[in-house]
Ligand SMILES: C[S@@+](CC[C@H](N)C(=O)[O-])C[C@H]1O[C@@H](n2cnc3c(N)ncnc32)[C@H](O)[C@@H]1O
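Just one chain is shown here, as structure tokens, and it is the form predicted alone.
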């Protein structure tokens, strides 16, 4: 018998079932919902986390990691797509979306977190085995090992064009925004490279959770006392704002559960406050929120109106959103009314109101910190779709306010086509019977408000969403 025949036969490794990692499974499920159903992560993730906690799968650290994986992957999707494209032998459009989601999650762990390389790769491959099967898991393993050869800065040198060759594309890849969004934000902000880079970086940071103490129902001091110094900070600009420390859970705050407080970005609070404090000529009894859903600004305005003996009418076109408005206003100390109505064809008589807020539907480019997936869904032609509606709603608002009254035109977008272009275009047709009011003095202490008379807030300058506000007084 020769040596070869005496050697023991090589045995294959026994098959090992993949282990389900509840954190990464949840993150993958959230990304698939965002991709398949056009869902928003800020709406999908909380119920998934709540369900995981109820099952006993999660503790606080697990929830924090899952949240970082989902939001970090979505924010950096453009950058990670460029890196992944450099590591595969086919166009990304030919990679199945679930595979691309696993690869993106793995890329974020490798390039955007402190998770050790071997752990990031092995956990991602294990996830791929569970949700994709062993065959495609081998593809995921090969791609992630290529990605792991370089850190993020090294990859950016490879996949982003030099700034001097193509400034907008360089910023788009480095800061993970579509090129057209980079161009639009740069035009709106003005200035040089430093300012727009600060803005793009701010869009990729996790925003603070900010609460609003609803006037007449709670105060900021009460919220601060209830939360304690370790869990909260006062707002930067709004006297009704309270900022939660990292990891703070709004649903755990008693005042939020009772409706006396709510979650509301400080920029939205400032818009409502500016309209409420704008000087009027004549009575101040009837206020209108003409696009009130989901009710944050309406709740604030209703409380401020009640303090002056005024009444707010909150109108929202979509009945289910009108229901959200009614829920937000429930418990207001003074009278109010909520209706479902189309703001472009209102049921109320012209000139019925002293103050009108029209916070119009828009692209939402001012809230990319909170809804990072919106940057990948929006297209330039969305501006054309919103334009007629925005102009129609502003014309309706000006028709709804009496002579001497004030309209606030607001939008959560800094895009010039949704802000100054709308206001300028509509005011051309009023032949001196409506004029802009300088809104800047109505936000005392808030810096960097520009040349006026309108206001544009910025994430990198004010720590808020990029809210826009123009105040217009009817003069005839």
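All values derive from a computational prediction rather than experimental measurement. Numbering follows the first chain given and starts at 1.
Beyond what is shown, the protein has a form predicted together with this ligand; the following relates to that form.
_residue 321: touches this ligand in the predicted complex, heavy atom cutoff 4.5 angstroms_ = Within the cut-off, so yes.
_Non-hydrogen atom contact residue 391 with this ligand in the predicted complex at 4.5 angstroms_ = No.
*Can any non-hydrogen atom of residue 292 be found within 4.5 angstroms of this ligand in the predicted complex?*
Yes, residue 292 is a contact residue.
*residue 344 near this ligand in the predicted complex, any heavy atom under 4.5 Å?*
The answer is yes: residue 344 has a heavy atom within 4.5 Å of this ligand.
_If contact means a heavy atom within 4.5 Å, which one of 334-342, 94-102, 151-159, 71-79 is the stretch that engages this ligand in the predicted complex?_
It is 334-342 that comes within 4.5 Å of the partner.
*Of these, 120, 360, 181, 270, which has a heavy atom no more than 4.5 Å from this ligand in the predicted complex?*
Answer to the contact question: 360.
*Quick one: from 297, 108, 175, 355, grab the residue that has a heavy atom within 4.5 Å of this ligand in the predicted complex.*
Selected residue: 297.
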